[in-house]
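Below sits a lone chain in structure tokens, taken as the form predicted on its own.
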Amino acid sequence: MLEFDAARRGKTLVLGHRGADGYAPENTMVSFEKGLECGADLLELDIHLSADGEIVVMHDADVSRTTDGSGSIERKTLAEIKKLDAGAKFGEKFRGERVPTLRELLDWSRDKIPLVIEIKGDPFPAVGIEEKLVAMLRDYGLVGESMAISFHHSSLVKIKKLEPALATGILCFGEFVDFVGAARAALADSVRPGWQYWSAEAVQAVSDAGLVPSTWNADDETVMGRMVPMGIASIGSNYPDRLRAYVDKAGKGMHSH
């Protein structure tokens, strides 16, 4: 997984948050395409299960914020979800954008860019989502290039037991006294608090333990200026082009010398 390489080399990867959701409707194909165009090294996305067991790409458990529908994803079939407009609320020019399935996204991304896949819940992850995710990544031959992340750390334990080769990362809101211990308890490879909760000492402790430090979201130069020098291996951004420019100028990009 690319993040391990970046961590070893002291580089910082640009992670497109929900694609490039500063520019396009989050978690839609147009947003992922925009993230790639903006120079992201990796793309982050969120998944839920539909009522009929399809892995659907959306952040919220309820469809009402980002689409013209309402109600829970877990209570809708894929056919019902596919009727929703996932673009118009962001902007008229995006009208007609659909909610993608993970399969559709993998068909597009597999030869282009690796994915960091966040397992969401309603309020907990749907039963069986971990097995379905692992099976799909195996089908596509992408276990070694992908990462599964979640605020639901028990979900990551399930992932690791199903497929030890799939990299995982714990998400958290807050400063843990022991980030390393929290990651170890979840059998995880990466520690991913919000940017406010990283200190240089914590990054060092996580790196020394052989774990990958990551964070989200650096959209302005104040946050970038705090995060990039700390040695964080990947940083999410809603505007990946801004972070790309900053990281490259700092000589921290994967292709910088």
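Not measured: the values here are computed from a predicted model. Throughout, we count residues from 1 along the sequence that is shown.
Beyond the structure shown, there is the form predicted together with a small molecule, which is absent from this document and is the topic of what follows.
Chemist: Does the small molecule come within 4.5 Å of any heavy atom of H59 in the predicted bound form?
Modeler: Yes, H59 lies within 4.5 Å of the small molecule in the predicted bound form.
Chemist: Flag K120 as yes or no: does it have a non-hydrogen atom within 4.5 angstroms of any non-hydrogen atom of the small molecule in the predicted bound form?
Modeler: Yes, K120 sits close enough to the small molecule in the predicted bound form that at least one of its heavy atoms falls within 4.5 Å.
Chemist: Is there any non-hydrogen atom of E54 lying within 4.5 Å of the small molecule in the predicted bound form?
Modeler: No, E54 is distant from the partner.
Chemist: Evaluate F94 for contact with the small molecule in the predicted bound form, applying a 4.5 angstroms cut-off between non-hydrogen atoms, and reply yes or no.
Modeler: Close contact is absent here: in the predicted bound form, F94 is far from the small molecule, nothing within 4.5 Å, heavy atoms only.
Chemist: Pick from Y140, F151, F176, F90: which residue has any heavy atom within 4.5 angstroms of the small molecule in the predicted bound form?
Modeler: It is F151.
Chemist: Pick from A183, I81, L115, L171: which residue has any heavy atom within 4.5 angstroms of the small molecule in the predicted bound form?
Modeler: Flagged contact: L171.
Chemist: Using a 4.5 Å heavy atom cut-off, indicate which stretch of 44-52, 66-74, 197-205, 224-232 touches the small molecule in the predicted bound form.
Modeler: That would be stretch 44-52.
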